[in-house]
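Two separate entries follow, structure 1 and structure 2, each one form of the same protein chain as structure tokens.
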Structure 1
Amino acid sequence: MGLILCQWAKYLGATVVGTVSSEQKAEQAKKAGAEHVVVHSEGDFVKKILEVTNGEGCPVVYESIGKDTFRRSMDCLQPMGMLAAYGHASGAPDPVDVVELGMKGSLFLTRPAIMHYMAKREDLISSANDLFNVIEKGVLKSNVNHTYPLSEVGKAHRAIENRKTTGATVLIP
């Protein structure tokens, strides 16, 4: 998901700062459009965000790791910024006290789920058309880097959970 976000956000004109778990993923994030990349184990991504935003923070942070990075992702937001927590690869984050959102700058927090955004058929079709249009324009490159037979679905899930994959993982029937 991160590679898609990098490409699409760059296309939309955003300054993209990526946080990754390895040097290999850092190179992929840069190729996908991230202007700045921090490897979690090698640097403080909050410090890097504040550095590249001149201390202002980000208007939006897309958070997919969860427990290990959630609080620090909140610290990257500018006042009235939005944290979109769409995954929790390292486990569910600790609960957030609503008062804390105010104290940190009137922050917004959302946990988007695709079934709500695609509840109506016309929403699904519109989103699919948007996706296929940017693929056709060459904005998004498909990155199918891992394939597994359907019979090895457990192995595929473990690889994803253990952050051993990059790009898309496809199950083959």
Structure 2
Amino acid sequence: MGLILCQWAKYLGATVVGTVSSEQKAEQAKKAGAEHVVVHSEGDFVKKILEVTNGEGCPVVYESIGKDTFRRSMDCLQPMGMLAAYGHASGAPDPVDVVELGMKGSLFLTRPAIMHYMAKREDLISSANDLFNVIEKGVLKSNVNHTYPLSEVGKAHRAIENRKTTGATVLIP
């Protein structure tokens, strides 16, 4: 998701700031179009993100880590910014106090899930067309970085759980 977001958001004209856990992943995020990349294991990512946005913060944060990063992701937003919390790899985030959304700058918070956005057939077709369109234009490159025989599905799961993968992991039947 991170690599797709970098490529597509850059194409749409956004300045993309990525957060990753290692230098190796930082290189991949840069190649995918992130203008700034923060290695979050190397210190306070909120401070670094405020630095690269001249103290303004981001208009939108796509947050998929959950518990470990949710509140800090909220602190990276500018007033009236949007936190799109689309996953929680480190566990469900703590509950949010609605008053805090106001105090931190009239923030918007959403928890989008693909099944709602694709519930109607026409929405599925329109989104699929958008996706294939950017793939055909060469904007989005598929990153199948790992393949496993189906019989080794356990290994594939362990690699994903241990954050050893990048891009897509494909099982070969």
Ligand SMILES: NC(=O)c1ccc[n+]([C@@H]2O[C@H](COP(=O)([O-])OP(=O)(O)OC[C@H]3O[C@@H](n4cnc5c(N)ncnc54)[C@H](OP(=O)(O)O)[C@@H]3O)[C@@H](O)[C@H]2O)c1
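Think of the rigid core as the biggest set of C-alphas that the two forms share within 1.5 Å after superposition. For residue numbers, the reference is structure 1: its sequence is counted from 1. Remember, it's a predicted structure, so these values are computed and weren't measured experimentally.
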property	result
Identity of the form predicted together with this ligand, given as 1 or 2	2
Per-residue C-alpha change between the two structures, H157, threshold 2 Å, rigid core fit	yes
Core-superposed comparison between the two structures, S106 Cα displacement 2 Å or beyond	no
Rigid core superposed: T147 CA moves 2 Å or more between the two structures	yes
